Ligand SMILES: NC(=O)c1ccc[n+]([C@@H]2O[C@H](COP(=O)([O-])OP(=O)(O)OC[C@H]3O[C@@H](n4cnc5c(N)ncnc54)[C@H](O)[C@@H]3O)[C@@H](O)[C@H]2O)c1
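Taking the form predicted on its own, here's one chain by itself in structure tokens.
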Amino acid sequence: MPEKRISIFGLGYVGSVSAACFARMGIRVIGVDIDDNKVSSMNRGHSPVLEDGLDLLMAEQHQAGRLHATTNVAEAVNESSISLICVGTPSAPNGSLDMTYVSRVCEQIGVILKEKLNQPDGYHVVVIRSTVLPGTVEQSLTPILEKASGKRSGADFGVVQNPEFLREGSAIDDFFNPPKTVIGASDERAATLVASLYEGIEAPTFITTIGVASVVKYADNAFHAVKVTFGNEIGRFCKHFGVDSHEVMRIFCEDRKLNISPAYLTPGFAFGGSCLPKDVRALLYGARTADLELPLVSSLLPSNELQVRELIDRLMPYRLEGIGFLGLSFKPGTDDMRESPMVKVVEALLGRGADVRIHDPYLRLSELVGSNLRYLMTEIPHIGNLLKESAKDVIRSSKAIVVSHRTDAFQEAVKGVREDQILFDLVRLDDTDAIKAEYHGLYW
């Protein structure tokens, strides 16, 4: 089996750690940087950046002959089959990314590929490790590579988005024990080659699109920021009331079924029910009485309301032609209507003169009692006139159909929608390609 050879552009934090760790895996690595000091440091077996254990690892790999550095782009590209771009994408004053460095490197690599790709064994993969927004690789960096090389991505060369998940201070351990490996590729050949670099690393590997790979990194970091802020806001709340915040969060984190889990993290419609809205409001009230600001928690209800308003706006063009709802309670399997976001949507549409009909197999007015009944009759006083016996009845008489519950019955019912209808899917139905109606996923 031929020796794996890669080049790594940018010998900052990510590039230096990646270079030393790939070399330790037996891969021959060429580091590339315009900074002579970084290049000479690596060529002496010293790390250009400070990271626990990296200096020793780099010295070992340099001595083993698997790691060296250069300022010569042509040398690096011609002596490798995969180039990983790890240069910085710093923030501009307006929050946008400064793409100067990564664009320049792509152009430089493309120029060298112009000749290399004419050789029988010249196929090359360009891997973007730098963090860039979705669309950047496809709409900006790939065209730069194609223009400079005169070749086509996905045919003559490959392009891959391969985000890193390294934390400063534990980067080497993170490299060899990552939470996941994500490879977004232009084509299968490129994906296979990049995946081979991680052979021997025990982690779930996801081969996906370039767009998904780029957003995964942003989702991770945004969620990390949410967690830090959430922990601090709960801590501020606890301190005022004399509660041990670390004990609260220790118990909180022991819940791997709902709290530290995929639960509630699939894109879908707004939250509702008898618990979440009420408890968020109570938490905020308690904070206000203590003169505490909880900006993150304070944003939850307005963000939730925004989702409700967006759906209403998308349905308004069909208000006179008939809008049908499959599901009204805040989730399937219950008749609890309290603060159901669908009740709010229906209420708003009725207030604007919409023609509405509803089917919810769990909603039986004769069986509703107490606060649940009072809430529904207050929000939609004439609900009885809107209810239909079956999903087919709703579909038959509606121009637009909204599916808010994911059930087998509704999965089957939507097979009967017509080509002249519009389907709004809030739950990510299966087999949507078979749906005849004009299809609109909520966030997909």
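Note that this is a predicted model, so its numbers are computed, not measured. Residue numbers run from 1 along the displayed sequence.
Keep in mind that the form predicted together with the named molecule is missing from the display, and what follows is about it.
Visitor: Identify which of 29, 402, 42, 32 has a heavy atom within 4.5 Å of the named molecule in the predicted bound form; exactly one of them does.
Guide: Of the candidates 29, 402, 42, 32, 32 is the one lying within 4.5 Å of the named molecule in the predicted bound form.
Visitor: In the predicted bound form, is there a heavy atom of the named molecule that lies within 4.5 Å of any heavy atom of residue 360, even though the partner is absent here?
Guide: Residue 360: no contact with the named molecule in the predicted bound form.
Visitor: Using a 4.5 angstroms cut-off on non-hydrogen atoms, would residue 334 count as touching the named molecule in the predicted bound form?
Guide: No, residue 334 sits far enough from the named molecule in the predicted bound form that none of its heavy atoms falls within 4.5 Å.
Visitor: Using 4.5 Å between non-hydrogen atoms, is residue 271 touching the named molecule in the predicted bound form?
Guide: Close contact is absent here: in the predicted bound form, residue 271 is far from the named molecule, nothing within 4.5 Å, heavy atoms only.
Visitor: Taking 4.5 angstroms as the cut-off for heavy atoms, does residue 81 touch the named molecule in the predicted bound form?
Guide: Result no; residue 81 lies far from the named molecule in the predicted bound form.
Visitor: Heavy atoms within 4.5 Å of the named molecule in the predicted bound form: which of the stretches 122 to 130, 257 to 265, 342 to 350, 146 to 154 has them?
Guide: Stretch with heavy atoms near the partner: 122 to 130.
Visitor: Counting only non-hydrogen atoms and a 4.5 Å cut-off, give the residues of 144 to 175 close to the named molecule in the predicted bound form.
Guide: Counting only heavy atoms within 4.5 Å of the named molecule in the predicted bound form, the contacting residues of 144 to 175 are 164, 166, 168.
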